[in-house]
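Take a look at this one chain, the form predicted alone, written out in structure tokens.
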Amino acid sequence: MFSIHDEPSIIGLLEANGHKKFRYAQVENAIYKNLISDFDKIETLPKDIRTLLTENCFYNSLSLHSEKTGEDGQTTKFLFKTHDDKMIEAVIMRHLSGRNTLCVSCQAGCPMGCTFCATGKLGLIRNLEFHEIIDQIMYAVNHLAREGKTLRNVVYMGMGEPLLNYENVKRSIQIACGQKKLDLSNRRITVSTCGIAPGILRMAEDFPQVSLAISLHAPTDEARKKIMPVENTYPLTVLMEAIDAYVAKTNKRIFYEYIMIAGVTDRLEYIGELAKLLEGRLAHVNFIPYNPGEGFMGTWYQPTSKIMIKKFQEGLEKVGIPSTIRHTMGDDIDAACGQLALKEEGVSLATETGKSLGKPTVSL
């Protein structure tokens, strides 16, 4: 059995059974345009093809374990179970402007071990297949359709490091943005990375229109090492060199994510360091108020004051770097940034721990 999103396999199956290639176009239209999720309901196909597909393909590899919507109705978190009983999460965010965004996972767990992120405690259990990523998107598309809404943006900011599962992420983006498939704009896809330099260079070649977000979170090597183990492999000099090459190739502004943790990432001296690092670069900084969770540091980390965040913004304004204070969504249902940790009603559902880069050095 293989996924209905596996185009080469579907075409091969049809041709091996004597059917013309144009039949795939009918399958494609039914799935992505008409959102049909039952082979028997694809009335444009003869019965023998519908039977062939039923016997050899599956529509969705994920089963919904639970669904929860925040009190304000803006955020819905889905907890999915994979075919091998791994758990992953995806989050719909309904913005007041009217656009709808889906945050998707690309790995079960995450190997990066960032101290402020609850997902990092899980370690990497396994990479998701391309169709498991698309299945999350299709579920959200259908969910929003029932509300009379459409999906506008997809952000690879859920569980996992996208650039460590590059081929599956790549294939999922191609399906999401394919004109005859979901036809989302490349410009409305955002891939977030902790700083996997080789993957950034590949993104520049493969997806020059896709937006890139860098989880920066500290402006110096020393500060970054304390909270992000990836810094030991790709220090800032290597990371910024890759980013500069990416911008030279794509001419796209980079979104830098900077989490504001009291006494850790919001030190006064970091204002100048951050401004120095980004001055002259095509950049936009998103300041993210820390969402208390269960990362490596437990409840020790606390959010930064609004006054301190404003000071950081002012420091960047002086060198012409625009910034935004991220509006927190979904924190009441553990669906905000850094909170995806397979929790349901406050209880952890995690049953295994995978590989990790290890705990960072957190002495301050």
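Quick note: we count residues from 1 along the sequence shown, nothing fancier. Please read all numbers here as calculations on a predicted model, not as lab measurements.
Another form exists, predicted in complex with a small molecule; not displayed. Remarks below refer to it.
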(request) Consider the chain as shown here, without its partner, and state which of 82, 291, 153, 168 has a heavy atom within 4.5 Å of the small molecule in the predicted bound form. (result) 291
(message) Just to be sure I understand the contacts: of 157, 242, 144, 137, which is the one whose heavy atoms reach within 4.5 angstroms of the small molecule in the predicted bound form?
(response) 157
(request) Evaluate residue 215 for contact with the small molecule in the predicted bound form, applying a 4.5 angstroms cut-off between non-hydrogen atoms, and reply yes or no. (result) yes
(request) Indicate whether the small molecule has at least one heavy atom within 4.5 Å of a heavy atom of residue 132 in the predicted bound form. (result) no
(message) At 4.5 Å between heavy atoms, is residue 193 in contact with the small molecule in the predicted bound form?
(response) yes
(request) Answer for residue 231 alone: is it within 4.5 Å of the small molecule in the predicted bound form, judged on heavy atom distances? (result) no
(request) Could you tell me which of 232 to 240, 204 to 212, 114 to 122, 84 to 92 sits within 4.5 Å of the small molecule in the predicted bound form, going by non-hydrogen atoms? (result) 114 to 122
